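Just the one chain here, laid out as structure tokens, in the form predicted on its own.
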């Protein structure tokens, strides 16, 4: 029999939104926490508006994006523009261990649910705030989304083709990255609370989290005065060749290949059948290959395009060469490794339809997570307001009618 998950006694009020907020909640839920999304029909969460929708029915409760992003979270509805809803939110927090939010620095205070208000009703509450650039400093009010975060952190200045302008990444990866990091901040604060009996306000700057990815370039500038710029897929320190992505047979199929040592180069030569061009003096040593990397990449690309990307990756791996197919979404869904690990799982939503969502990315040896798809709007209202908070039926119905619980 599986043991209890580590956070099964922890309850979380998740005021988060966009993509970062849901991921922060689901990370804690995957460790056993009871996480409640606080949302409202007065302003439908953007995740609920994104297709595809189950069975083609455009409904906020049927968005696959919502079910994947908010997996593990439950839902209660409070129209926080109304003072009565703000009071109910504060009352709900008295039943929680953690509250989380990723608004701008002033939003929670304007809604009368900032840290001072919350700890007045729950002295040991842990509030995890995850604003774009932190709660203080000249940039504290900056408005961003995931893709603009990669700009203000300097990361976009490093992406692009050699000698060309920056080309920002299409994917808003700072959102899931920030959500997981914020969840780790909650764990640290809970550990402190358990040791001292005191809560705290965690200030997690999304910007500072993403800046960890530019650390090598930052160190190069601080120590050597060099300002890094776009360099295609070449090794950032110029110590590997080949080092890039090369075409394979089929429609838009590619393989990544990185060779750092002379031994790895010998492995690549063996896989290629030791062609005459590859044995030329200009490719003999790593320094030679780096100096002639354009010619090397052109020759290698002419060879790789005759092979299937997966088959070639296996062939190169057998020779000790770091190589991998550039997977697209269809590859991920059908990959036997991800299937074996439950990276993607099929679930049945309580509205009756089946769908595929992310499995638990937090796995432990002693317990197993039951992954639930993202909630329908307000699915836990009765439980929270009438059972947990003991609001009488008549009062509950009035709050619903007044669109406070809405």
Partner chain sequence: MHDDALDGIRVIELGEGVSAPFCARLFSDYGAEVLKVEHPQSGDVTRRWGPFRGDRPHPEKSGLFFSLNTNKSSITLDPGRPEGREILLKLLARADILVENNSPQQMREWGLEYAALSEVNPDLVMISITPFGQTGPYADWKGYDLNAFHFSAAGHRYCGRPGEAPLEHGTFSAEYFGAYAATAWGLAAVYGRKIAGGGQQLDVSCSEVLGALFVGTENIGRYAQDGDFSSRGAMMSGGPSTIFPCKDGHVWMMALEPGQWDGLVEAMGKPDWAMVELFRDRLERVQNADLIEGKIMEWTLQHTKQEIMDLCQANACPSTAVYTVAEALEHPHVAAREFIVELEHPLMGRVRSLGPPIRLPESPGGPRTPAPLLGQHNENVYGTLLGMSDAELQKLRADEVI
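Numbering follows the first chain given and starts at 1. Please read these numbers as outputs of a predicted model, since none were measured by experiment. We call the rigid core whatever largest set of C-alpha positions still superposes within 1.5 Å between the two forms.
This next part talks about the form predicted together with the partner chain, which is not shown.
- None of 300-308, 80-88, 275-283, 162-170 except one has non-hydrogen atoms within 4.5 angstroms of the partner chain in the predicted bound form; the exception is 162-170.
- For the chain shown alone, residue 204 is a contact residue for the partner chain in the predicted bound form, at least one non-hydrogen atom being within 4.5 angstroms.
- Not displayed here, the partner chain is kept clear of residue 350 by more than 4.5 Å at the level of heavy atoms in the predicted bound form.
- Put simply, residue 328 is close to the partner chain in the predicted bound form: some heavy atom of it is within 4.5 Å.
- Although the partner is absent here, residue 64 is a contact residue: one of its heavy atoms lies within 4.5 angstroms of the partner chain in the predicted bound form.
- Only one of the listed residues (152, 269, 291, 295) places a non-hydrogen atom within 4.5 angstroms of the partner chain in the predicted bound form, and that residue is 152.
- Taking a 4.5 Å heavy atom cutoff to the partner chain in the predicted bound form, the contact residue among 235, 117, 95, 110 is 235.
- Contact annotation for the candidate site: 135, 140 and 148 all lie close to the partner chain in the predicted bound form (heavy atom within 4.5 Å).
- Residues are counted as partner-facing when one of their heavy atoms sits within 4.5 Å of the partner chain in the predicted bound form; in 269-285 not one qualifies.
- After superposition on the rigid core, the Cα of residue 351 moves by less than 2 Å between the shown form and the other one.
- Relative to the superposed core, residue 340 shifts its CA atom by 2 Å or more between the shown form and the other one.
- After superposition on the rigid core, the Cα of residue 54 moves by less than 2 Å between the shown form and the other one.
- Contraction of the residue 323-residue 362 CA spacing by 3 Å or more is recorded in the predicted bound form, set against this form.
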